[in-house]
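Given next, in structure tokens, is a single chain: the form predicted on its own.
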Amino acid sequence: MSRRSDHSREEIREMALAAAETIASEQGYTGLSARKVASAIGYTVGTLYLVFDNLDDLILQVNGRTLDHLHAQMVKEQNQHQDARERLLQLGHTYIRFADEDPHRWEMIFEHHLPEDHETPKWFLEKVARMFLLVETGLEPLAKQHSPQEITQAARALWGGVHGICILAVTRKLDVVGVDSVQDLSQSLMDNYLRGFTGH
């Protein structure tokens, strides 16, 4: 492939991220490679690595965009409700629907691991923390009798359960536990947890 210079660095970055998202959605994390991304945008792997540090950096950027998209969707759909309980329940429904509709991109967030000698960048950790903050903020009006620390812990426990349901759905294991509807299962989990934690 001959060397190209048709696009700016930022344009190449955007093209590469869009191509990587498409490849990940269609082929999953294991199907994503620098060669495939470079080929999809008509540039060399060498050019790709002038824009990204390495493949790990590219994947982190894609995962960051996935988190941004999911966060925006959760906020948008949550805001369609006024009732605090319904707002919180909607977060779970939106999260599970995204995992069901785009399982490969959702899975890549959790399948990708940096080498042991590399720390996860602060900007990525902030995107993850922002997701948990949505749940904590949604839980606060329902659990005023609890301390901030208890609410934080409860938000993570509740979301851990929702995430587990997502894994069952994405890996097509719901039938093993005798459940037909992932949304019904998540509704039951959240309803019962909230009743136990908030008392209503």
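Residues carry their position along the shown sequence, with the first being 1. Quick caveat, the model's predicted, so the values are computed rather than measured.
Form predicted in complex with a further copy of the same chain: not shown, discussed below.
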Where does a further copy of the same chain sit in the predicted complex: which of 133-141, 46-54, 31-39, 155-163, heavy atoms within 4.5 Å?
155-163
Close approach of residue 109 to a further copy of the same chain in the predicted complex, 4.5 Å, heavy atom
yes
May I ask you to state whether residue 116 is within 4.5 Å of a further copy of the same chain in the predicted complex, using heavy atom distances?
yes
Spell out, yes or no, whether the shortest heavy atom distance between residue 188 and a further copy of the same chain in the predicted complex is within 4.5 Å.
yes
Does a further copy of the same chain come within 4.5 Å of any heavy atom of residue 104 in the predicted complex?
yes
Counting only non-hydrogen atoms and a 4.5 Å threshold, tell me whether 125, 184 and 193 all contact a further copy of the same chain in the predicted complex.
yes
